[in-house]
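Here we start with a single chain on its own, the form predicted on its own, put down as structure tokens.
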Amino acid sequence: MIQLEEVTKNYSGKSAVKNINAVFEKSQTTVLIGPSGCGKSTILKLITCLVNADSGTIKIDGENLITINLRDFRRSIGYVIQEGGLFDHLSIEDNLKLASQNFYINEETINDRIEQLLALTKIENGQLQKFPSQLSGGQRQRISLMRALMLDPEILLLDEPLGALDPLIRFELQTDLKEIFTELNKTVVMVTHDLSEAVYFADKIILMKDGEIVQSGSPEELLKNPTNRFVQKFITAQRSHVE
């Protein structure tokens, strides 16, 4: 379980997130949603320690994040950033092996893991010697997911993983991703700006505005019982995409 208690992060005197209290339950998918600049991606960066909170506490399974060995902790997290973030100068195979080699995992174990993930993500073995620029957007995202899962992390973070894909590929990958989430039983935190996507994936949705949480709960609660005018307006603006 990931718990944020009164967490605030400022950039140049402006709050990216302020006094955030949130719980991301173990083995569930929580989706962060809201307008651009509302603080969704900042929360992922705080969880991964890419940035540090100015105040407040982040706990992982009850332990304060600042007391955890950072190297070991990052091994327990898989992170898929927008548009995948693959290294263009490395082959797909080398992209996948990079993190494992950094942790001195033996080659046989790495290769076995790659074979498992190829089957899971429906990628053909022949793609391994290609470079990212030779793959489609959907294939690159599948490879990015493979890379995030190489060390079998307990936590999987995804920052708008489908945002740059065309609708048909996005639909196909949504279906496969949900199956993967169900099969792996990971703690998933996903960022999107698309309400229909949030409803499709989420056990819980956290809707944000201006660095604050405005409503949190199940997709059904959000859609049927908006707590204020902003929530209602946000739902209405995307209603045709949800129904």
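Each residue number is its position in the shown sequence, starting from 1. What you are looking at is a predicted structure, and each value in this text was computed from that prediction instead of being measured.
Missing here is the form predicted together with ligand ADP; even so, the following discussion is about that form.
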| query | Might Thr42 be said to contact ligand ADP in the predicted bound form, defining contact as any heavy atom within 4.5 Å? | reply | yes
| message | How about Arg229 - does it come within 4.5 Å of ligand ADP in the predicted bound form, if we only consider non-hydrogen atoms? | response | no
| request: May I ask you to check whether Ile20 falls inside a 4.5 Å heavy atom distance of ligand ADP in the predicted bound form? | output: no
| task | Using a 4.5 Å heavy atom cut-off, state whether Val188 contacts ligand ADP in the predicted bound form. | result | no
| query | Heavy atoms within 4.5 Å of ligand ADP in the predicted bound form: which stretch among 29-37, 58-66, 174-182, 194-202? | reply | 29-37
| note | Restricting to 1-32, the residues within 4.5 Å of ligand ADP in the predicted bound form through any heavy atom are Tyr11, Lys14, Ala16
